[in-house]
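Just one chain is shown here, as structure tokens, and it is the form predicted on its own.
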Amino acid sequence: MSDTLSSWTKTSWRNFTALQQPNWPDQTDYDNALETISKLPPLVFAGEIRDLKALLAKASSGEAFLLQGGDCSEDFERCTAPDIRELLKVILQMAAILMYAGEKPIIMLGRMAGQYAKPRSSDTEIVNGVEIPSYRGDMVNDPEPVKEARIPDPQRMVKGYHLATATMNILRAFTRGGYAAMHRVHAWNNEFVKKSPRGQSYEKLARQIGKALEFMDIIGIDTDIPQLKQASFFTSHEALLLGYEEALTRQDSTTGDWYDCSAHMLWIGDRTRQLDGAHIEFLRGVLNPIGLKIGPSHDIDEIKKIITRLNPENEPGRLTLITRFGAKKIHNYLPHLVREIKKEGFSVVWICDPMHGNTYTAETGHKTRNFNEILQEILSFFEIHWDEDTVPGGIHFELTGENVTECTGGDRKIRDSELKLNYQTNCDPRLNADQSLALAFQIAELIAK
């Protein structure tokens, strides 16, 4: 163990200030819930985590590209096989587009099986003139805007664990049981997308992939192999509830190293990345790949110190910087950030979150994002990295496989007045499948350059 980790234990974060933690009403109930989780099996395994880290090392050098996507905040009620399948289908479609048209291996990383908690700007909010606790995700309380439903309940963490287990089971069945086989690329197209311009473009691409596989069969190349029959799929979420993360942190029996087995990759949010904070302290000691969200409020010197603390060995694949500046601000912040990180020689994966910096409230009162602004931030992200001779390594989306109307624009030109037609999210607005595919085709052109 290195000197920097000699003082670390999976409980040492408790000696630091932990922001964005719920106000649990009963400490005994909270402790009992975490004790229950600590005795349950891990959700992911150390070998899988090491596999993801090796792939991310390739993304840092431009040999692969990271596609990270899923719900803003997972909903307990939507933990069903059809819901999980529809979301997985969109990610598989996007990966097929990026891989075939972009000519680069794609790392698929879902915001799934644990994205049940959300940071909030305030502990409370005013609803109908009454002050109630803020909704912090289904793992903490209920979105129903009444005081009783908003009281944090630690048993929801136990339920979240079991639903994450169910999600992992479904994901492994789909990705390893033949559903994700390249021979089934046509089957991934969503019914409501098929008649859209992007759906038709996808069908054309699927036919090209099918013909390529047929040609391989004709000339005697075996296509009945794991690389074509299965898909590597990894999970991630924001490591927000540190008690939950601690309870799922286990020591690998083969190496003696510590891993947070709640997900393959964990990220630290823009609100919780304090150098002297509990989240940095906890995540510096687990060997998972770590993401770091960086918004306009960052201090470059502190970011450098955080990078050194989280990745003292400068290990490729260990650290991913997820920038979230917004289309209108990215040129004000990203070029300087990239230059400073490059100057220090830090090995990082650069990925763009084009969602959070482009959020606005429509006249209808719905929180939304505009497709064109999302696309513009992505374009700027690539152009800046090209100018700085650094690698644009991936994209981070909030999306769903459902036919929602939560983000405006796209091929269907959803307007602010149409958001109410099918606005389902309890938290932030997500791209629907049609909008997601449209972005995938655009990104494929960029990564193929």
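Just count from 1 along the sequence shown to find any residue number. Remember, predicted model here, so these are calculated numbers, not experimental data.
FYI, the form predicted together with a small molecule isn't displayed, but the following is about it.
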Q | Candidate stretches 205-213, 113-121, 80-88, 244-252, one within 4.5 Å of the small molecule in the model of the complex by heavy atom | A | 113-121
Q | Heavy atom of W267 within 4.5 Å of the small molecule in the model of the complex | A | yes
(Q) Can you tell me whether E281 touches the small molecule? I mean in the model of the complex, with a 4.5 angstroms heavy atom cut-off. (A) no
Q. Is there a heavy atom of R324 no more than 4.5 Å from a heavy atom of the small molecule in the model of the complex?
A. yes
Q: Determine whether any heavy atom of V286 comes within 4.5 Å of a heavy atom of the small molecule in the model of the complex, and answer yes or no.
A: no
Q: Counting non-hydrogen atoms within 4.5 angstroms of the small molecule in the model of the complex, say which of H298, H356, K104, R309 makes the cut.
A: H356
**Q.** Residue (of E238, D138, E377, D153) lying close to the small molecule in the model of the complex, criterion heavy atoms within 4.5 Å
**A.** E238
